[in-house]
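This document opens with one chain alone, in structure tokens, the form predicted alone.
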Amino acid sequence: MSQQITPPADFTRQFRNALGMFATGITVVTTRTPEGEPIGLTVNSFNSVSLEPPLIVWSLTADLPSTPVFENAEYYAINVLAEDQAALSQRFASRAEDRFAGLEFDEGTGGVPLLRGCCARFECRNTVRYPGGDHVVFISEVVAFDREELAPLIYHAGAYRRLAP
């Protein structure tokens, strides 16, 4: 017979703080709504999965209003932010109605918005989605990418960081 363990009342906050000790890059995932409007949000749950075929993984909170748009999009882009793009990260993490207002961007596969000035941009086919607790886990086929020799924006312990020279 297994014993049920009751986590402490602040378990979720402690768990989140412990996860924050893993430094990550910052991305903005972008796509278009069914009406053709560009949408995007800041995501730091991004990683490579496979080189052959080229696959990446990322996750998104399941109860966000934009989650169904990303689940049903044929394509989206993962824009890896450069160290001077903290303001862009904040913009796409905000609750602003139009995060693309006044922002110039390129268009990728399927018309997905590609942000300028990024370290790397991955154009992805939305291939597999899995429920993952309070998130949706996306595994995506990379159909195109580009990169620049720029230092990345890093997030660690609840703050933006820069790599040391």
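As the structure is a computational prediction, the values presented were derived from the model and not from experiment. So that there is no doubt, residue numbering starts at 1 and follows the sequence shown.
The same protein also has a form predicted in complex with a small molecule, omitted here; what follows describes it.
Per the 4.5 Å heavy atom criterion, the small molecule in the predicted bound form is contacted by stretch 58-66, the sole one of 58-66, 100-108, 115-123, 30-38.
N72 falls outside the set of residues with a heavy atom inside 4.5 Å of the small molecule in the predicted bound form.
The closest heavy atom approach of R129 to the small molecule in the predicted bound form falls outside 4.5 Å. Site residues T42, S45 and A93 are all in contact with the small molecule in the predicted bound form, judged by any heavy atom within 4.5 Å.
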